[in-house]
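Below you'll find only one chain, the form predicted alone, shown as structure tokens.
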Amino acid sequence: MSVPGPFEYRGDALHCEGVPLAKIAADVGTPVYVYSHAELERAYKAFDAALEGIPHRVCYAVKANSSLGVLAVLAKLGAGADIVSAGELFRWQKAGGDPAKVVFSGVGKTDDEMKTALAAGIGCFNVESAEELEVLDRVARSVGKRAKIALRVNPDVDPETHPYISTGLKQNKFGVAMSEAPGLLRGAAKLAGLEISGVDFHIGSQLIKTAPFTDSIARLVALVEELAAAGIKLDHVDIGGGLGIDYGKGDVVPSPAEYGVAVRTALAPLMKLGVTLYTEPGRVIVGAAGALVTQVLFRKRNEAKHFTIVDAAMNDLMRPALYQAFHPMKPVTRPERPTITTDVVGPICETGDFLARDRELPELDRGELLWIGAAGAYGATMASNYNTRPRAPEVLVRGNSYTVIRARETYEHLIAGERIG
């Protein structure tokens, strides 16, 4: 029974790199997130190499996984960062990341966040509305700074992904219409607190075709050429992130190399203008590098279903409940057994607390461990304390050893900021 990525069976025992997952579970407890250092490094280098030959900067999307241990690996490899809050900037800097390689995205930056980012010396703000241009100009001038900006445009291209993670259609809240961009940038050029640096788009997440990227780039090329003719020179274009990964459902996902070829071809008309390409990959860097390991608590069968009840829940891994997302699952030991159809569910008091429905799995015994794969992106970073459940620890494996890069929360952690009135 094969397992994608860095998680492989050695005999009957599933390992991350050289460490048995059963050992990590015994030492640290469950549920627990486990990441592979080797896979993080391989995935980043593969994406970076796919753009070799054109000036580019890879700005990792911190929202995908913001653990300091993960960020530190990527910062040491030379990555920049795409952030959407001052908190993510704080994490990036704590992990050793260079603020000058940061792009600050998001539709709702506060004045204080703008001031924090300006003080840190970030590389660029991705501005998403006319009013944000005005506010950022005022804030920058108030602190004696000049903010570098890229205007985020909405290319109105269907990314053919889940509607909750589609961001490039005209009904989405992100960016400005392509037709508005020239006028907004002409106005921004007159504001003393702003310096125009680029244009930006991001059309969505978990894209499994290159066509939405190339269609969007074609519209961006036309815009940049129009701006250049009007005397507005840009130093970069940002095409966002969104490249998908294999979640084990049989989808054929473009490799970073295939993505690179498509992007390189679509961007060719702009290379004569001397612009640098910015990208904002997240899931494709960290997704396959991580897994959630959970323990079976109980089994039950009613008139309609069989249930495998585990100690991980929707607060630990929100994607199945939020997006009806599919994650591959395997037993941590003895994979070759007859299977049953079961729902994998957690202890939370919600019918929506499921990790898989109608899944074919070996009939697991109480106390057995279950591997939930492709959980390195939007797993731990979206976790909550619903039902007063401490968030799971995170472990980074490197070769034959591992480090706990985030300890399991305690109940005292959960109430540390609370007071009885």
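From 1 onward, residues are counted along the sequence shown. All of these numbers come straight from a predicted model, not from anything done at the bench.
As for the form predicted together with a small molecule, it is not shown, yet the points below apply to it.
The candidate stretches are 218-226, 177-185, 202-210, 67-75, and the one lying within 4.5 Å of the small molecule in the predicted complex by heavy atoms is 202-210.
Contact between residue 382 and the small molecule in the predicted complex is found at the 4.5 Å heavy atom cutoff. Among residues of the shown chain, residue 319 is one whose heavy atoms approach the small molecule to within 4.5 Å in the predicted complex. Residue contact with the small molecule in the predicted complex: residue 378 places a heavy atom within 4.5 Å of it. Proximity of residue 57 to the small molecule in the predicted complex: non-hydrogen atoms within 4.5 Å are absent; the residue sits far from the partner. Of the residues given (293, 149, 310, 243), 243 alone sits with a heavy atom within 4.5 Å of the small molecule in the predicted complex. In summary, among the residues 282, 97, 256, 346, the only one with a non-hydrogen atom within 4.5 Å of the small molecule in the predicted complex is 282.
The candidate site formed by 63, 105 and 323 is fully in contact with the small molecule in the predicted complex, as each residue has a non-hydrogen atom within 4.5 angstroms of it.
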